[in-house]
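Read the single chain below, which is given as structure tokens and is the form predicted on its own.
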């Protein structure tokens, strides 16, 4: 009698011997991959040396950089500035602020530091000028609010700051921009102003740290992970047995890796800012890198914006170039998804997206940036992207199975040490 039972189709995410997912057969035992990662972690720790500064390169006079200051020092700086403004008014000269220019023309990429810094050009913001009177008023108001925060030693969000005087600020982008100006004027980091952004980034994996005195074990935070504290001063006592830090661009890929507990199979710390990097995540990533001395591998979309996000973490953003020394993480390696991976891993055509004219322009603009030109591998990948006019998101790998990212793609990348 013929067997009429239906045959079960193989599960594309199964680990059985019949697993036909592309390139799965190339994977070696985890012990082999872990051995390679151990060597990478050891070489990173051994090569960690003193970080170069502008002073070391004799550029401190030509470039401007801020530093972390305690609330009392910020308070004193504001009071000294107020006294000088009062003297200017009493002498009949009115008052104005000397503001460091944060325009693109006043920024410089320093190859030896591998980050963008702010040059020393300044502009005058007088109260007596019709064109600058409003911005000068906003600057004065922000300085007053910061002084109050330092006096009380409390922190507020940028949104809180905006709502203290909505009619004056009109739009939060205006108060945010002046906040950066105030950092430059006082010569301190934005964190020193006791103004923070709302929590955005998350971390999960082989990391234990203290948050305002409470010990946090990031292996026991579930799929969602631990929100990165907006105030980096609260973070301390970092401990880890991880072999690397995995920086992920998007929340979807982060959730996949967290649910699959990728950090248990390959000891690592997984962190994401869920898109554009925020200050807290950038500070937290740098702190992990510098204290734990671990290599950082980045997983971003294969498009110009993925590379821009990677460059913000590594070289800094032009908007906050004045604080690049505190916000950048050196030697981040580009793991994927790279343009060459689309053909190498046979990503289906229906999972690739055509680049828009704006995408192509952004890609070409990146090719003109000094921090891209410094890395031949980046140039080669960007040229391939612009030439093929194709882009792809990390989720394109799901066409081979929802767990292909964590079970095949990343392990194979790590095994082959395939990063730039």
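No experiment lies behind these values; they were computed from the predicted model shown. Numbering follows the first chain given and starts at 1. For clarity, a rigid core is taken as the largest C-alpha set superposing within 1.5 Å between two forms.
What follows is about the form predicted in complex with another copy of the chain, which we do not show.
Look at 285-293, 143-151, 335-343, 100-108: in the predicted complex, residues with non-hydrogen atoms within 4.5 angstroms of another copy of the chain sit in 143-151. Between the options 133, 86, 177, 223, the residue in contact with another copy of the chain in the predicted complex by a heavy atom within 4.5 angstroms is 223.
Of the residues given (157, 129, 76, 123), 157 alone sits with a heavy atom within 4.5 Å of another copy of the chain in the predicted complex. Three-residue candidate spot 115, 206 and 271; no residue lies within 4.5 angstroms of another copy of the chain in the predicted complex by any non-hydrogen atom. Contact annotation: residue 230 falls within 4.5 Å of another copy of the chain in the predicted complex, judged by heavy atom distances. Of the heavy atoms in residue 350, some are within 4.5 Å of another copy of the chain in the predicted complex. By the criterion of a heavy atom within 4.5 Å, residue 241 is excluded from the residues contacting another copy of the chain in the predicted complex. The shortest heavy atom separation between residue 399 and another copy of the chain in the predicted complex is within 4.5 Å. Although another copy of the chain is not shown here, in the predicted complex the stretch 158-188 places heavy atoms of 159, 160, 161, 163, 164, 166, 167 within 4.5 Å of it, in sequence order. Put the two forms on the same core and the Cα of residue 345 is off by less than 2 Å between this form and the one not shown. The Cα position of residue 220 differs by less than 2 Å between this form and the one not shown after fitting on the rigid core.
Comparing the forms between this form and the one not shown on their rigid core, the Cα displacement of residue 179 reaches 2 Å or more.
Compared with the form shown here, the Cα atoms of residue 237 and residue 71 sit 3 Å or more closer together in the predicted complex. In contrast to the form presented, in the predicted complex the C-alpha positions of residue 170 and residue 276 spread farther apart by 3 Å or more.
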